[in-house]
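Let's start with one chain on its own, the form predicted alone, as structure tokens.
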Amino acid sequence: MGFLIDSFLSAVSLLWSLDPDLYLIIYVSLKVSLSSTAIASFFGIPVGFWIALHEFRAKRFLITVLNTLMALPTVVIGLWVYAFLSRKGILGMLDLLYTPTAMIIGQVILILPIVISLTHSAVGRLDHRYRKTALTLGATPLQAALVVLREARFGVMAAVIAAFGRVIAEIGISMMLGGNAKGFTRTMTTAMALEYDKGEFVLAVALGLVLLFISLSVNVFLHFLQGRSSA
């Protein structure tokens, strides 16, 4: 117990000292995770929205596939993307392996099914009469879609937050595609794994505290917005 307390106090002291190496790791993590979340949201929200509002023959099968991909292991994605980006791969000439770009590509593939599935679920729960009424009153298809999106906004925001939470805490893709290079591709999770292997727990505990704080902050922000909407 004393060891845990000492590690915790040392971690707090390290955070308070504004150690540049520590905050560079945090910066890389946030840059990669926010970029991948933004890209996945840009493509995933419209796709999930479209699936929810349209009926087609393979819809049930597509939803099943998307739900299955939500549980896809990160190491599987890392392996496939590595095969494409390695020097012998199809995209090897781009020289993207062991760069933040490679990590973002892998993370987008990881969370795109999450954004699509949760957006579809959020929009699908709404009464379809919202859209039909808007169209009846003379709204364009885009305006009607915006009406539906406004009603489902908290569900869509939850989808984005869930996707961000998935990538900020993942390690397989970051390690396999980023290489854990100091100051370049080292994220909070890969740094924690490295420090654990070295038997150095202070930095790992400090980064763990940061991860918990980030997770708490985004969830508090979502609940704050929901509270303001219902007030």
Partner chain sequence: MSSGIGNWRWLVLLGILLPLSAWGDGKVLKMATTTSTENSGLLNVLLSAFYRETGIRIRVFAKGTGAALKDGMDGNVDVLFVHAKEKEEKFVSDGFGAYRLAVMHNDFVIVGPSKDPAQVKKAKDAPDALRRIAETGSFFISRGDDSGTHIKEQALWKLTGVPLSTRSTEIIKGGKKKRRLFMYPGTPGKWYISIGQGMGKTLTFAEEKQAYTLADRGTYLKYKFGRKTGLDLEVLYEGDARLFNPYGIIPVNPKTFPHVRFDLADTFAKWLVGTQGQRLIANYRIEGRTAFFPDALPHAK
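Numbering follows the first chain given and starts at 1. Just so we're clear, the structure is a prediction, and the values are computed from it rather than from any experiment.
Omitted here: the form predicted together with its partner chain. The next part is about that form.
In the predicted bound form, no heavy atom of F154 sits within 4.5 Å of its partner chain. Its partner chain in the predicted bound form is not approached by T133, whose heavy atoms all lie more than 4.5 angstroms from it.
Contact annotation: S86 falls within 4.5 Å of its partner chain in the predicted bound form, judged by heavy atom distances. Residue contact with its partner chain in the predicted bound form: L14 places a heavy atom within 4.5 Å of it. Exactly one listed residue, out of A144, I77, L97, A122, brings a non-hydrogen atom to within 4.5 Å of its partner chain in the predicted bound form: L97. This chain is displayed alone, yet in the predicted bound form one of V32, I51, M175, M192 has a heavy atom within 4.5 Å of its partner chain; that residue is M175.
Checking 61 to 69, 41 to 49, 182 to 190, 161 to 169 against its partner chain in the predicted bound form, the stretch whose residues place heavy atoms within 4.5 Å of it is 182 to 190. Contacts between stretch 185 to 202 and its partner chain, counted in the predicted bound form as any heavy atom lying within 4.5 Å, involve R186, L194, E195, Y196, D197, K198, G199, E200, F201, V202, listed in sequence order.
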